[in-house]
Structure formats: C-alpha cells, structure tokens
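Next up: just one chain, as structure tokens, the form predicted on its own.
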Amino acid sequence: MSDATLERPADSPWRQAARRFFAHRGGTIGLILLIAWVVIALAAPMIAPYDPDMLVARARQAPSADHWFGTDQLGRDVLSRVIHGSRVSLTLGGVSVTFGMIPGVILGLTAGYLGGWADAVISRLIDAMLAFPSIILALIIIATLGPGIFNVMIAVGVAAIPEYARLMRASVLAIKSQPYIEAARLVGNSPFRVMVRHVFVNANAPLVVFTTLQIGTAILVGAGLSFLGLGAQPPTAEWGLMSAEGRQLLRRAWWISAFPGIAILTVVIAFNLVGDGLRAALDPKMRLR
C-alpha cells in the first residue's frame, strides 16, 4: 500500500472544536473584539494619551483632535479614563467569576456525584440563594460589606455561585451514569479521582461556555453597582462610575457618559459572541444542525 493511500490521522477534538469556532462568524468577531480590549487593558499606561486622573483641559470640552473623547466635568481626558477603565472592568469580571465558579463547581460536582443527603443539603442551599435575583443578592452583600470595587467582586461572585452549582450538578447527573464512569469505579479509582479525572473533565464544556457569558454579565452588574455609587469610588476610572458622573450632563456633555457606556456595550457583546461561538464548537447538539 502506497503512502498516498494511507488515511490521514483524525484531528484531535480540540482542533475540531477550534475549526467549528472560527467557522462561527459571530464568535470570531467577538474574539477579535475581546483580544483588542485585553491588549488595550494590558497596554493602558503606554497608549493612554494622559494620566486618567490629571486635569488636562477645561471642563466639558467636546471631542476634538486634542481630546478624541472630550473631557469630563473636571477637565480629565475621557479617552484616557476609558482606556484605564478597561483594566478595572475586565479585572472585575475575571475575579468575580472566579469567586463564583470555584465554590459553585465544587458544590455542584459534590451534589451531583454523591447524591443522597449531600445532594439534598446542597440543593436546598442553592434554592435559598436562587430565591433572590442576582442583583438583589449582590446588593445585600454590598450593604453588609460596604462599597468598594473589591467588595463588588465578592458580591458578584457570590451571586454567581448558585448558577454554577446548578449547571455543574445537571452536567454531572447526565454523565455519572455513563459506562466509562462505572468502569472507572470498578477498576478501583477512589470517588474523588472519579469525580475529578472522569466526571469533571467531561462536564466542563458547558462550564466554559457559561463562564464566558458570565464574565460579560459580571462586568455589566459591576458597572451597574458602580453607577449606583456602591462599587468603584472617585476618582477611580471605572466605566460604570464614569457613566454615573456624566448622567446629569447628558444634554450639554453627552460624551462623558456615552463613551464609557459604549465601552461596556462592546465588551459585553464580545463576551456573548464568544460564548455563542464556544457553544457552537463544544455543544454536540449544535453540531447536528
């Protein structure tokens, strides 16, 4: 048999998923937007034209060649503050989702795999947390801890715990009855090893998709809390706070609130588009369409 007749080895599952992701136009656009914002956040001190807290011109100056996004009510450059605000908002999204994901995954994995009294106790705890809308639960935590950007991260993270736990529990219940899980038990693997090495590894596809969507939600909720004065405090360059500072001047100086709002919009849309692309790449039901 000649080499030409030999079949090419099958692509790895990850390579196939990457191909499906980049075939999804929305996911690709979202990824480009997201990479652009991450680069802006990392390079903020180098690309921002001014110090975000420095008074550089007269107050409420309209967008111009010197100040592309205009100046705010104190005379600070809005473009510089939007650029530096990307660091705060992206960090808030990533950290708060991490705070919610780790305990949520542990609770959902434990409840789904062990079942019995463990499932009953954890499920009642999750039901109690789900009785409050996430924004209300975050407000309760902020009222207890006090305003501040780190407290917002904790509040948004805690509010996400029941969503992660419910998602992981449902995924585990669908996987733990599979033959390969029973085979892993029969060969002598401990319950912990089965949960981590076999159940969790095969349940993480919906987790990846949900995390991408949740980061966008966390940024939006964090900006909303800052808008209400419960998150970042002046003079921090944070998009929600910047939008709040210009809300009284929308008719005379619309740019103060508009550009931070556009930044929030583009980042949240980027995360949602990436989430849609990941769902198309990783969800078996989507592959059949």
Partner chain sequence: MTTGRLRNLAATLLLGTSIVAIGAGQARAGDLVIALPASIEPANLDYHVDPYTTTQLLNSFLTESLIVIAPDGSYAPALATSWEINEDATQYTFTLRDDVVFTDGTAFNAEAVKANFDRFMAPETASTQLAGVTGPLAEVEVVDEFTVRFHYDAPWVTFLDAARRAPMWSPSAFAEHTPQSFDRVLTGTGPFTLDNWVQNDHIRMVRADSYSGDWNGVAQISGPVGIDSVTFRFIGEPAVLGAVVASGEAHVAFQIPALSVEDYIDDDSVSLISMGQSGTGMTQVMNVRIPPLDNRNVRQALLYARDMEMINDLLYDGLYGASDGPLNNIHPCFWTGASDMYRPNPARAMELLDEAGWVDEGGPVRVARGVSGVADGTPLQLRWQTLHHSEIGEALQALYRQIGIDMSVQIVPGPVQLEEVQRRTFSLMYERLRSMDPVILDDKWNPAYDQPGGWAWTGYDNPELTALVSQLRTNPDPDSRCEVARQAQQIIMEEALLIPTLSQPSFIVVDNRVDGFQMGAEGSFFYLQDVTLN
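Residue numbers count along the first chain shown, from 1. Computed from a predicted structure; not experimentally measured.
If you look for the form predicted together with its partner chain, you will not find it shown, but the lines that follow are about it.
- Using a 4.5 angstroms heavy atom cutoff to its partner chain in the predicted bound form, none of Leu114, Trp117 and Ile175 count as contacting.
- Only one of Ile32, Leu250, Leu42, Ile47 comes within 4.5 Å of its partner chain in the predicted bound form through a heavy atom, and that residue is Leu250.
- Residue contact check for Thr28: none of its heavy atoms lie within 4.5 Å of its partner chain in the predicted bound form.
- In the predicted bound form, its partner chain lies farther than 4.5 Å from every heavy atom of Arg169.
- Taking the partner from the other structure, its partner chain in the predicted bound form has no heavy atom within 4.5 Å of any heavy atom of Trp68.
- Among residues of the shown chain, Leu74 is one whose heavy atoms approach its partner chain to within 4.5 Å in the predicted bound form.
- Using a 4.5 Å cut-off on any heavy atom, the residues of 45-74 that reach its partner chain in the predicted bound form are, in sequence order, Asp53, Met54, Leu55, Ala59, Arg60, Ala62, Gln73, Leu74.
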